[in-house]
Every structure is written in structure tokens, then in C-alpha cells.
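Here we start with a single chain on its own, the form predicted on its own, put down as C-alpha cells.
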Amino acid sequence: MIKTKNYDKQESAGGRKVESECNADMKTHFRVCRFIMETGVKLGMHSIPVATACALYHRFFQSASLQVYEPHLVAMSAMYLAGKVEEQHLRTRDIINVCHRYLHAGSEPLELDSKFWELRDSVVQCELLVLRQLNFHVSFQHPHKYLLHYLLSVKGIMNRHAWSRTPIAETAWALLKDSYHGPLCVHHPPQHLALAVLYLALHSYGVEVPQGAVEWWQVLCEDITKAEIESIISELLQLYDMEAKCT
């Protein structure tokens, strides 16, 4: 198709604008998921409810726009909803106070005045919005149980001293936690994500797993390819680049 030079320039400028907006959105999502994780720790949330809150947030913004919905409000509602889904119920007052202190360092807890009740109503209404947006599909199968199984399996076939010398398990768990800063948890099957973080942890320390007729990762997960593992790892490493840009 023939294009004029002016059209080419407009198209190029439009492409750069879209890319810039996309990068800005990614940074926002990264920061807000960090907000979920750090406030979740202050609220005493366990790892699975925090993971569910991040997954709810990412799933919501798959079909919603940051220009329409305030991300921190969505995050607070996701945490409140995740507590219900994973049976670690949180009080809205605690969520609001902890999140308020996080966003306004050094501030006093909110008084039970009209401002507080307006914010509480916003959190509850946003929770209903998230439920409707996700068509009430709010239960997730997380990679954690798969990673635990894979770690035990790999540990069982490796040299005991080689395993104890390197923090493979700790690194894999840390990588899995970090993956929730981005939408990997809603883009990939949980067993694929678990296998990819274990693969990266082993590769990072140069640890080789004894293999037989097939690769060790094929034994653990038959429906994944080397290309898929590398693709997930590439997405995960991009999150670490994003972390550098967000600090």
C-alpha cells in the first residue's frame, strides 16, 4: 500500500504516543501491585490472598482503563475481595487506614467522619464493580502449589550438597512473588509460571539437573515447550527493568 510521507510521519508519531501511554500504564500497574504487596504485609495478609488481590487487579484492568478507574481504589477493593475469597477476612477500616498511611506517610489514622465513610463506600462500591467486571469469576489457581511440588521433585533427584549450597528454593519463591507485579499470573497457566521461575532460579546459579531420556522440565510439565519457558522468563525479566524505572 502506498503511503504519503506526511501520513508516515503521523503514523510514526501516533505509534510513539501509544507506546508511551502503554509504558506509563505498565509503570502504574507495577507501582500499584507493589502497593498491594507492601500494604498486604502491614495488614498481615498471607501470600495467597496477596497473590489473589494482584490477580484480581490485573484481571480487572485487562478490560478496564486507567483513565476511567482510580488504580489505588481498585487495589484496595481487590484486597478486600481477596480476603473474602481466600477466607482471610479484612476489615475495611484496617485496609483504609493502612493504605492511607502508605499513600500519605506520617499522617494520622483517618477519623470516623464523612470523609472516611465516603471512602469506605467507594471501596465497597468498587468491589461490586470488580465482581461485575470479572463476571464473578474471582477464584484463581495460583502457581504456588505447583512450585512446591516441582521444588520437592527436583531436590529429590539432585545431589544433596549441590542443593544445599545454593538458595534455589528461596530464589524461585522470590521470583514467583515478583511476577505478580505484572500480569503474568493472568496470561499463563499456573504450572507454566511455576516451572519458569524454577528454571530461571536454577539457571541463575548455574545448577544443572540430572536428566534422562527427556529434559527434567518435560517430566514435571508435559504441555510446555522450551520456547514458552523462555517467553515467560523474558516477561519476568522485563518486570525487573520496570522496577529500575519505577524507583
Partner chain sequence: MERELLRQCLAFHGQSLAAVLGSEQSENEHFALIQADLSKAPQQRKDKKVDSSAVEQFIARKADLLFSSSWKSAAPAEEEWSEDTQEPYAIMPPLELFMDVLFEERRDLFYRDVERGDIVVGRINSIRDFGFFITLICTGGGLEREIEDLELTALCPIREVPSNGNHDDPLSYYQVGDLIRAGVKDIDRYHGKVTVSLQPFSLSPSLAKLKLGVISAEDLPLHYSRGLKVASSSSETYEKVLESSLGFSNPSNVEFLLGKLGISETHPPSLMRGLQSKNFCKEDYGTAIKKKQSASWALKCVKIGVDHFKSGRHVEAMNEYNKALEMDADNVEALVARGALYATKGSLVKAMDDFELALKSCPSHRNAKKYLCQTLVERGGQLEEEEKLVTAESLYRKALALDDTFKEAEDALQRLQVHIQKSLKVREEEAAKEQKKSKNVETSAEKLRKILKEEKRMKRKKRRLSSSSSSSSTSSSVSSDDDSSSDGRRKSKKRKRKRRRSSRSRKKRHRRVSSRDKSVGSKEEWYPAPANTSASFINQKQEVARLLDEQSLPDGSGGSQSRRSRPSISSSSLEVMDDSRGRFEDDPFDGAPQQMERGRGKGDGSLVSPGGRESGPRERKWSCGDREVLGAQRKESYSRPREQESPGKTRNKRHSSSSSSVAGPESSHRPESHADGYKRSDSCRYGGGMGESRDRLYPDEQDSRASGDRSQNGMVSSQGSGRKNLPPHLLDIFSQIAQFEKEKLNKAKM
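Positions refer to the first chain, counted from 1. In this text, all values refer to a predicted model and were calculated from it rather than measured experimentally.
As for the form predicted in complex with its partner chain, it is not shown, yet the points below apply to it.
- Partner contacts here mean any heavy atom within 4.5 Å of its partner chain in the predicted bound form, and among 72-80, 118-126, 132-140, 86-94 they occur only in 86-94.
- Interface residue remark: residue 24 is not counted as part of the site for its partner chain in the predicted bound form, having no heavy atom within 4.5 Å.
- Among heavy atoms of residue 211, some come within 4.5 Å of its partner chain in the predicted bound form.
- With a 4.5 Å cutoff on heavy atoms, residue 47 counts as touching its partner chain in the predicted bound form.
- Contact check for residue 220: a non-hydrogen atom falls within 4.5 Å of its partner chain in the predicted bound form.
- Heavy atoms closer than or equal to 4.5 Å to its partner chain in the predicted bound form belong, across 105-130, to the residues 108, 109, 110, 111, 112, 116, ordered by sequence position.
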